[in-house]
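Okay, here we've got a single chain as structure tokens, the form predicted on its own, with questions on binding and movement later.
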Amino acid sequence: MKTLEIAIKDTLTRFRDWKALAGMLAAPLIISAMIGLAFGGLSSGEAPLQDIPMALVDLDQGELGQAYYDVLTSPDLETLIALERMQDAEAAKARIESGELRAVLVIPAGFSDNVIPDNEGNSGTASVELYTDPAASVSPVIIKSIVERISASINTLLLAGQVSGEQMAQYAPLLGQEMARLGEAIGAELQSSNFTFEDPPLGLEVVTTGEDEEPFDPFAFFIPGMAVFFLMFSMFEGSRSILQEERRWTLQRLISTPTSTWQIILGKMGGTFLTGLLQFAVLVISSSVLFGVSWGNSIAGLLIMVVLTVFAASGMGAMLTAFSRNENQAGVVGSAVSLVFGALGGSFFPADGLTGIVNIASRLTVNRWAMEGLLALTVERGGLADIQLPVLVLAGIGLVTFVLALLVFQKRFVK
């Protein structure tokens, strides 16, 4: 069939151009790699900071000092904090200045005896001292938050007995002497049990809402984003080649052959479409091999999304080219539309947070619907049922733009 022969010929011609290959294949992979590696800490599923060097100087040698140590070395924090015990507070602080440590927690002498109620329910106040590295910006905030959480838990435990006892004492005439001395009884119990932490009441409470999610892979977002972004450039450039052939009169000579005009134009547009399919297929395969990107669990869904994304992008490129006066105008329009579509459509950042008129404009782009469908497969691990709307929209865009482009091109070249 003449149309298919023309499409294949144009596709092979483009893939012989090393400059075109660099723009279609190398550029999106390189840019995606740079952005993905910049956010590489997110893809491992581990905390961005690990093994924060910290020292504990426990001058108290009591139950509460041990409580801080137990929590800081608990399984919840074992990969985040690298804790070591030290005896000299000044030496520990000197190691902060030298950059060896990020924080030092000092438990003062007599800390436990001061704050744990005695047999009469009386207790004093005491403070732990936390020294942090002023040159660090993130780790001190994390350490401070953890220490505050431990201290708040201790206060809650101690005050529970003290407050309830004080309130009961106000009603001593009504409650009787035994109930009125409840605060003393709680204090005595704490003392007699030595406030042991064999089953520590302190810890980190992790609340999970919803189902467990897989760690976010930045490449699963940026690779599809760059693939769609550079696909738009390729499709506009491929369609612009029709006007280049018109300027060189090679298109007119081809039209003078027995092959009908609509077959020639459809073949040229089909060549752009095949180029886009091969470009996207190479990007999918190479990103899987080089970066380990998982394109989801639905092969059928991925095939449908790739075909329709290319269909809509090539149709959009052909339509705007058909309405351009010459190839220079088509080049300017194509570049501008590709950049705007990329910015609005979510090729650089998630578009689901857009609101108002910007969100409406975003939904008018090929990129937005392509990204919604592809991310439903790559990031959310969805299937065919999750891409129904993007599939319908992309198919509609491709069909309308292809028909318009074919009609305008045919009218333009048939004299």
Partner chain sequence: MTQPILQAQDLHKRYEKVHAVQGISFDIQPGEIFSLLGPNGAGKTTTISMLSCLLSPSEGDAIIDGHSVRKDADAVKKVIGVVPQEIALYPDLTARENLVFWGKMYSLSGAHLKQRVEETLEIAGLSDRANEKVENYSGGMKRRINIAVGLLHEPKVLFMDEPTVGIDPQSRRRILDTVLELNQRGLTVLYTTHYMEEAAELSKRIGIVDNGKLIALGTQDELTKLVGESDAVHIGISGISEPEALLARLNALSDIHTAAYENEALLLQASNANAHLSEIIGAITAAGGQIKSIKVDEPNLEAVFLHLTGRALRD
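Residue numbers count along the first chain shown, from 1. As the structure is a prediction and not an experimental result, all values here were calculated from the model.
A second form of this protein, the form predicted in complex with its partner chain, is not displayed here; the remarks below concern that form.
Given a 4.5 Å cut-off on heavy atoms, tell me which of 246 to 254, 81 to 89, 142 to 150, 334 to 342 is the interface stretch with its partner chain in the predicted bound form.
Residues of 246 to 254 come within 4.5 Å of the partner.
With the partner left out of view, is residue 404 within 4.5 angstroms of its partner chain in the predicted bound form by any non-hydrogen atom?
It does not: once its partner chain is placed as it appears in the predicted bound form, residue 404 has no heavy atom within 4.5 Å of it.
Can residue 400 be called a contact residue for its partner chain in the predicted bound form at 4.5 Å between heavy atoms?
Flag for residue 400 set to no.
Would residue 12 count as touching its partner chain in the predicted bound form under a 4.5 Å heavy atom rule?
Yes - in the predicted bound form, heavy atoms of residue 12 and its partner chain come within 4.5 Å of each other.
Taking any heavy atom pair closer than or equal to 4.5 Å as contact, tell me whether residue 259 reaches its partner chain in the predicted bound form.
Output for residue 259 is yes: heavy atoms within 4.5 Å of its partner chain.
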